[in-house]
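Take a look at this single chain in structure tokens; it is the form predicted alone.
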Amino acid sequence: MSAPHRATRVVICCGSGGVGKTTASAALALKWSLQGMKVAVLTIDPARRLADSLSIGEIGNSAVSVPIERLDPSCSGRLDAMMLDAKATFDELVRRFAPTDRAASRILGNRYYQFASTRLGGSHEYMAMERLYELWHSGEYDVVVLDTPPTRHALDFLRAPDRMASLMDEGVLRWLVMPASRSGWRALELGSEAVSSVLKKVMGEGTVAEIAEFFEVFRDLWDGFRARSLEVQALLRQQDTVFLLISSPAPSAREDAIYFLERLAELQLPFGGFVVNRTVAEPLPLPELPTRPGELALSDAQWQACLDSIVSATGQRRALSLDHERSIGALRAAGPAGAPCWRVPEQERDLHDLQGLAGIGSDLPELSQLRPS
């Protein structure tokens, strides 16, 4: 695998939906950029949460600069944000691997390609990996932070390079890419009217011929796609890549996180630790409370009710804190021995601005702390 011009760290943030994964990804990227690093944060989730968290407008496949100078005018770092455009990434990959401009134009103009590049199962996940690889390989950044979809979908994302490499080796694809003059697509062109009829209803007239043309031209891209798939697989396992598992103490989030840990181990991918959002710390011991209301216009009964409420709320918070600690303990027990865990306290309000994101930076890991467990 060819390497970028300098060592670029890759931090992949995974977790189930609703645990603050996008917020954590944005806050990590912001923290490291404010420390003087050049950072890219990429989301493959089509929702606008990343743009909202960073207080920027529309984002797409191209880098949008985040105005970190508002927080520190003297900062030498840089933060770029992007949201995956799978179709644009696929088109660029075709242009890169096509032997000629004419071959690229034939594929890009092919109706089957236009269908497959947006709807083919796994294409979105594979293009996410391609975009990640491009950012890593560019050498423009010290760190690339990736915000993945919710856990179960992230597993599709992780397996995409392996599936693509396997597909390129399978006999069925070798049959599909044979020239139309040989057995294979010619047989389909002359074959089942039922199959042809269904395909025409889905994609329009001339479908079979266009599919045949697509796979005939695709032969020229075969080696390039396969080689890139292997390079992306290697990127996921290289020493400068780590997976951070974002979770919360909620039972459903914990179960998803443990499931994901098992898959990470199965795929032999480097785990860097946990970030547990919305944790509640054990409350400080209550001071001795006065038995009478003093100057307050309260009866003894009213004052006693206030004292009871304070004691009850403190007890509830202590019970919740203990429950959170048990949940975090279960997470850590499921992970590799010694895997670090960072707790982010529950916030009083949603974080939708740079100032708020910067405020939780002290609870998040330093880049130097992220090493595979």
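Just count from 1 along the sequence shown to find any residue number. Since we're looking at a predicted model, the values are computed, not measured.
What comes next is about the form predicted together with a small molecule, which does not appear here.
Self-check item: Contact residue in the predicted complex, from G338, G60, G36, P345 (heavy atom within 4.5 Å of the small molecule)
Solution: In short, P345.
Practice problem: Quick one: find which of 75-83, 261-269, 220-228, 275-283 has residues within 4.5 Å of the small molecule in the predicted complex by heavy atom distance. | Solution: Going through the listed ranges, the match is 275-283.
Exercise. Evaluate G17 for contact with the small molecule in the predicted complex, applying a 4.5 angstroms cut-off between non-hydrogen atoms, and reply yes or no.
Key: Flag for G17 set to yes.
Exercise. Report yes if any heavy atom of I12 sits within 4.5 Å of a heavy atom of the small molecule in the predicted complex; otherwise report no.
Key: Output for I12 is no: heavy atoms all beyond 4.5 Å of the small molecule.
Self-check item: Proximity of L351 to the small molecule in the predicted complex, heavy atoms at 4.5 Å
Solution: It does: once the small molecule is placed as it appears in the predicted complex, L351 has a heavy atom within 4.5 Å of it.
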